[in-house]
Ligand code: NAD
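Just the one chain here, the form predicted alone, laid out as structure tokens.
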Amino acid sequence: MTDQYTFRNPVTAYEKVSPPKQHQEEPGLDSELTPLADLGEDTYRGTGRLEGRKAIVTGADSGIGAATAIAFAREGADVVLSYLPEEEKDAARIAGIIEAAGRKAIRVPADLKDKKACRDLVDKALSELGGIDILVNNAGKQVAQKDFADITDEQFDHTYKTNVYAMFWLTKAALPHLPAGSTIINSTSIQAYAPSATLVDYASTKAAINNFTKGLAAQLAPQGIRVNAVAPGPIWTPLQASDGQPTEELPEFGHATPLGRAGQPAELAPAYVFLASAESSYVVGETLNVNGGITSP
């Protein structure tokens, strides 16, 4: 059976999707995406790299977060799934896949723009899993606007609270409970380096996440807690179909990369597993770019 270790041509390893023009109301669902995203549910093979670990993954119902949660479970970790209440349908499916792998899946629907929700999420992880040693700050908000004047105060506030404030609040709440050997992984983006004209607010949050990651990594390294980031390129997820990209641009999404296609969430999961596992013990303050070959620092 094909899995993430199978020798393949990366140009053709996954389908080159040309999504039809489509629109979902935010936050969007994997189950309503055309074509469906590949989360690695049929292909990811674990090898015990995270045996006995305890993880929180935000935005875990779909896309990169869901693929990461599945991979963590198949590597032996129990996972707390954070997602918006509107995403319950997708989250229930991911929880079922995790439980089929023999691991715990704790579902916590909440809006992380609220500081108390972030604290409650950590408390839930502590009570259900008895601890935390992996925190993945992945939940994100992305809304394309062709005209800067159309970025409302509300959109700007929601984007920063979802992408930056929640990361800060969750990290602050989790930190007292993270033992030496723990890892924090933040999802940034190619947008941190090469911002699209339509994503001014989103791209600026991703640059902030990069900087936050490197500064926090330097502070926590002496405590044996590693902080790193993953910077995806164009990845096919519900984020793109729920105002994350201009609708008319969806059919060509990702085609300009050197690999000539958009990435799939399944292709991101191994990066998160690597940074969470002990094999990356000397990797600190790194931003791992998974972007199909787009030039980045």
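A residue's number is simply how far along the shown sequence it sits, counting from 1. Small disclaimer: the values here were computed from a predicted structure and weren't measured.
The discussion below concerns the form predicted in complex with nicotinamide-adenine-dinucleotide, not included here.
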Practice problem: Tell me the stretch among 104-112, 122-130, 71-79, 216-224 that has any heavy atom within 4.5 angstroms of nicotinamide-adenine-dinucleotide in the model of the complex. | Solution: 104-112
Practice problem: Would you check, heavy atoms only and a 4.5 Å threshold, whether G254 touches nicotinamide-adenine-dinucleotide in the model of the complex? | Solution: no
Quiz prompt | G63: touches nicotinamide-adenine-dinucleotide in the model of the complex, heavy atom cutoff 4.5 angstroms | solution = yes
Quiz item: Can you check whether N228 is within 4.5 Å of nicotinamide-adenine-dinucleotide in the model of the complex, heavy atom basis?
Solution: no
Exercise. Flag I94 as yes or no: does it have a non-hydrogen atom within 4.5 angstroms of any non-hydrogen atom of nicotinamide-adenine-dinucleotide in the model of the complex?
Key: no
Quiz item: What residues in 217-256 sit within 4.5 Å of nicotinamide-adenine-dinucleotide in the model of the complex, counting heavy atoms only?
Solution: P232, G233, P234, I235, T237, P238, L239, Q240, F253
